[in-house]
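Coming up is one lone chain in structure tokens, specifically the form predicted on its own.
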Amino acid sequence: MKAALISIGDELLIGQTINTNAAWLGKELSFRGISVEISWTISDQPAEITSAIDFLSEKADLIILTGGLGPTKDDLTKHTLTQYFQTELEIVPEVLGRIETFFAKRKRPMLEVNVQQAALPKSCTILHNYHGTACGMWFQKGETIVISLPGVPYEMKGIMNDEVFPRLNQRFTLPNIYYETLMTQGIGESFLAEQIAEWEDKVRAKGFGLAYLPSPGIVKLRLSSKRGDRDKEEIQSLLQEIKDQMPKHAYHLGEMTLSEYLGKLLLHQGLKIGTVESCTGGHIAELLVQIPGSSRYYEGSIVAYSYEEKEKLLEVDHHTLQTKGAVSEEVIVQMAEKGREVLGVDVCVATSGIAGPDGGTDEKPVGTVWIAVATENTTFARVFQFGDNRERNIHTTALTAMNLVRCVLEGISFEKK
């Protein structure tokens, strides 16, 4: 089964909003054996919407549109589809009642534009939205299914899981795809591919699909089978081979963020963690507290950006700062050890670096980062050289810091290079 995605909205085209809907749909549809052939982003204009449907209906069995179903005048998708499928709008009492309940629970006034969200095309199959006020719509154009969904990510996902996927499963016999993912940190896609070249040849010879899914600081290694669960044990065993081969980088078999994995590890070992951050500016703390229940193992953070704050809050030696600089092994060790003491934690991770785009020198170019992990028995420090992109440096430093903590807690050797 072939699918095409149409993401609607000027905010997507100008980069004001990141199109996470297309990424999620691509992943979930592929998992269910539906091949996404095309993904377009278009403006919220009737002519663009209709021409996209005309073109893609010749190429896809399923077209999913997201966006343009809100209550404001610039949300034109519903009206465009009503005209396109030569039908008319009518108020659906069941939908109107749910919208009224939605506003009543939140003690918010319900306006006429909200009432009109219960007006839906007569010829569509209504895809109920239990997470918001804009319903989805299911149309048929010849042999092609056309589905329109709200652009709000959690509403779109809710309708797909509640309404769309069950209907597709009832109507079609979809391939039974099984896949598993190995999470890695701190090794680039090309380096990873080089390290596992022989293994890759082996798994492809077995007929398994292999995909490298890179993002800043993380590469996911996904192995899949079109034979379904019958290959589950073999796929997991193959990925376990790589996990055993590179324990410094491969941290979990299965989809899991590094902050979630680290949280589980800290809970299992009964440890408390704190962070001392300079170049990351609190980003490690941000990632840690995104995990529900993180208060059970995360105590707090000290963000000491300037020399003065490092001296005042962490008692970093003035002479060391002046002679070695903040981005040095001597300073980062003091930051981690004092941070552990001040925060009263079992383990403390500290970061100090030159995030960029300026501030670098020949000796310490932009992207130079020192990270230290202090525990009751030892302090470990290592220097890294990332790139010249500030945002990416900050995020990659935070991930690398958490991975270093993981390695220390799991007793994995992480010697300096």
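In this text, the rigid core denotes the largest set of C-alpha atoms whose superposition between the two forms falls within 1.5 Å. Because the structure is predicted, anything quoted here is derived from the model rather than measured. Don't overthink the numbering: it's just position in the shown sequence, from 1.
Omitted from view is the form predicted together with another copy of the chain, to which the following refers.
Proximity to another copy of the chain in the predicted complex, defined as a heavy atom within 4.5 Å, singles out one entry of F165, Y84, W138, Y212, which is Y212.
Think of it this way: in the predicted complex, another copy of the chain has a heavy atom of just one of E233, E194, E88, D244 within 4.5 Å, and the residue is E194.
Listed stretches are 370 to 378, 346 to 354, 23 to 31, 60 to 68; the contact stretch with another copy of the chain in the predicted complex is 23 to 31, by a heavy atom cutoff of 4.5 Å. Contact check for E143, I218 and L265: none of the three has a heavy atom within 4.5 Å of another copy of the chain in the predicted complex. G228 falls outside the set of residues with a heavy atom inside 4.5 Å of another copy of the chain in the predicted complex.
K312 belongs to the set of residues with a heavy atom inside 4.5 Å of another copy of the chain in the predicted complex. The closest non-hydrogen atom of H252 lies beyond 4.5 Å of another copy of the chain in the predicted complex. Heavy atoms of S148 never reach within 4.5 Å of another copy of the chain in the predicted complex, leaving it off the interface. Positional change of R296 between the shown form and the other one stays under 2 Å at the C-alpha, relative to the superposed core. The two forms, fitted on the rigid core, differ between the shown form and the other one by 2 Å or more at the CA of I53. Once the rigid core is overlaid between the shown form and the other one, I371 does not reach a Cα shift of 2 Å, moving by less than that.
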